[in-house]
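Single chain ahead, by itself, as structure tokens, in the form predicted on its own.
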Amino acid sequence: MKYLKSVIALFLVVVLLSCTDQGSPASSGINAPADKTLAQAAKFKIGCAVSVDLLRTNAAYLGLANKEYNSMTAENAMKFDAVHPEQATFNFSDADHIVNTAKGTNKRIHGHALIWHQALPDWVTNFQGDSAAWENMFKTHITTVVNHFKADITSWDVVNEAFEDNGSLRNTLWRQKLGPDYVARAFKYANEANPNCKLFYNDYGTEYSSAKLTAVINMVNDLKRRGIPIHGIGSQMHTHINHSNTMINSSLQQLASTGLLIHISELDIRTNTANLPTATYSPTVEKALADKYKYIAQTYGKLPSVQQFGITLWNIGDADSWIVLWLNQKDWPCLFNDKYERKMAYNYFYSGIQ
């Protein structure tokens, strides 16, 4: 009986160690120092996209935003409908709060986004006028917003998501009313408002759609040839744990071939790729998420240092993610869990950016 008890005890120890090896960040062999942060670890800027409501109401969220990052992007507070809700009215209160928060800890502030086909107020979609009136409205919005933040914002996503996945120029309201060359004019107007600002084209899917990747590269190279001021490309990188590492590497290398700054601008990684309501954050999923974050960080770090604008994580904790809140999907896509605790993904990402 004594021998049997010893065997059972040994078996339980083995089982516990096995579970720990699979699921615990502490046993992963990669652990970020408790007294260090992402901003301290990286050779390039590490940013976060933030919710103004959470900055105002959630002390833990604000604490991590202040502590872990040295660049900040407004998740929604600088989009058209937020800052220009009526034709004759601009409202910068939420955006100014984010700017002042970032300035409080000497962060770089990246503006997002001047021109997009979504997040438009009703007055824009219902706007009546000839081509000159549309052009004036378009230019006035860009000029006013860029000028308002001229002293604080050092870079802007000027145009966001102009291409379909098949590489065709998206038939947006802007294209319909202003013609296909509206992208070039948006960059021109932004540059006129602030010649010292770095201007980016931003899009998703360049890591999985070769057609879109080619279209983006062709467009920015054309803008460069024409003397249109463009300084960088934002690769959003809303990706997932099963996506091909080879494709991620290839897309970043091809984007860098333009010679422009490269920004991984909206990084998050879905784990529940089948969108199953019964999905769980198993040890296998946890490790796959951590590995993917590390790979992306390491791959980005291999780009020429002069082209590394930085990596921006799209929000902070799992419960704050647009995947959970907007897509209403059960998922765990961030570096911090819903209690704002570091996940294994944090440790692996920290290792990857060093």
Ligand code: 9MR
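Start at 1 with the first residue shown and count on from there. None of the values given here were measured: they were computed from a predicted structure.
What comes next is about the form predicted together with the ligand, which is not displayed.
*Asks:* Just one of S251, S209, Q236, T101 has a heavy atom within 4.5 Å of the ligand in the predicted complex. Which one?
*Replies:* Selected option: Q236.
*Asks:* Of the residues S244, T89, N106, Q118, which one places a heavy atom within 4.5 Å of the ligand in the predicted complex?
*Replies:* By the 4.5 Å heavy-atom cutoff, the listed residue in contact is Q118.
*Asks:* D94 versus the ligand, in the predicted complex: is there a non-hydrogen atom within 4.5 Å?
*Replies:* Close contact is absent here: in the predicted complex, D94 is far from the ligand, nothing within 4.5 Å, heavy atoms only.
*Asks:* Closest heavy atom of Y295 to the ligand in the predicted complex, within 4.5 Å or not?
*Replies:* No, no contact at 4.5 Å.
*Asks:* Within 4.5 Å, heavy atoms only: does W314 come near the ligand in the predicted complex?
*Replies:* Close contact exists here: in the predicted complex, W314 approaches the ligand to within 4.5 Å, heavy atoms only.
*Asks:* Examine T271 and determine whether its closest non-hydrogen atom to the ligand in the predicted complex is within 4.5 angstroms.
*Replies:* Output for T271 is no: heavy atoms all beyond 4.5 Å of the ligand.
*Asks:* Which one, 142-150, 75-83, 222-230, 171-179, holds residues whose non-hydrogen atoms are within 4.5 Å of the ligand in the predicted complex?
*Replies:* Of the options given, it is 75-83.
*Asks:* Using heavy atoms only and a 4.5 Å cut-off, decide whether all three of H112, N160 and W322 touch the ligand in the predicted complex.
*Replies:* Spot residues vs the ligand: full contact, yes.
*Asks:* So which bits of 256-273 sit within 4.5 Å of the ligand in the predicted complex, heavy atoms only?
*Replies:* Read in sequence order, the lone residue that approaches the ligand (within 4.5 Å, in the predicted complex) is E266.
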